[in-house]
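Okay, so here's just one chain, in structure tokens, the form predicted alone.
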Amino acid sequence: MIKLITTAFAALALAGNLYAASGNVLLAQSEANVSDQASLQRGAALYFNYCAGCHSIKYMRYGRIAEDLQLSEEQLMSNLVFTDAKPGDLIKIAMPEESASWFGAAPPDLSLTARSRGSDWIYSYLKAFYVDPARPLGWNNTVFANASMPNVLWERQGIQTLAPAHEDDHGGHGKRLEDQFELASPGSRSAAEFDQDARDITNFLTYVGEPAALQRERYGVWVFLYLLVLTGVLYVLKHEYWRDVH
């Protein structure tokens, strides 16, 4: 009974977090998996090509990413470093202080975004851009309304428009439908391919938020095996100690 109640409260808390983190918008499941090395490598390439011009990850070093993602120094410098930075440098940007006035707010550092907002928020946000002529840069986002950021991935995703939510009176139930995106102009990627792009970037930022997760998962199996063997040894030892007593 207690377990059932605990599970119910956990489910309610999770649902609350999904809505609260996104302004009452239900988030899509990112299925983030930092153990997927290929996804992390693709996500890193997308991040440095499309995001790093404005957003830093200032608690990470280039060399740490190369080591964790199993990249050689040549691959690192050729594919991920587009400045005069060295492998041991922290990943910062050259965005001047005036950027706050350009965009309305300085582009935030993304080091801990996955931990503060969640992987599902990042994934949903990347997929939720739509054209909005009323906004200064011509873009808006259903997950983060009135965001100052344009859709930097529009060439890959295509251009979306938004059909507002409305009441469905079919059957007399008055069900409210969710906002629907309509693809006004296709991008270079199919819908499924762009979903994978968004998932890869999400995976990479999830890894950035907690790089030690890779080592923790890698060592977790060995720790479990050690405890299993230790349990067996302790059982035999206990049996030897108490054999004469029984």
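Start at 1 and count along the sequence shown; that's the residue number. All values reported here derive from a predicted model rather than from experimental measurement.
Keep in mind that the form predicted together with a small molecule is missing from the display, and what follows is about it.
Out of the listed residues Thr142, Ser148, Gln160, Ser111, Ser148 is the one that sits within 4.5 Å of the small molecule in the predicted complex by at least one heavy atom. Contact between Phe181 and the small molecule in the predicted complex is not found at the 4.5 Å heavy atom cutoff. The small molecule in the predicted complex is not approached by Leu71, whose heavy atoms all lie more than 4.5 angstroms from it. Remark: Ile91 does not count among the residues lining the small molecule in the predicted complex, judged by a heavy atom distance of 4.5 Å or less. Contact annotation: Ala128 falls outside 4.5 Å of the small molecule in the predicted complex, judged by heavy atom distances. Judged against the small molecule in the predicted complex with a 4.5 angstroms heavy atom cut-off, the residues Ala38, Tyr207 and Ala212 are out of contact without exception.
With the partner omitted here, the stretch from 28-36, 62-70, 45-53, 182-190 that lies within 4.5 Å of the small molecule by heavy atoms in the predicted complex is 45-53.
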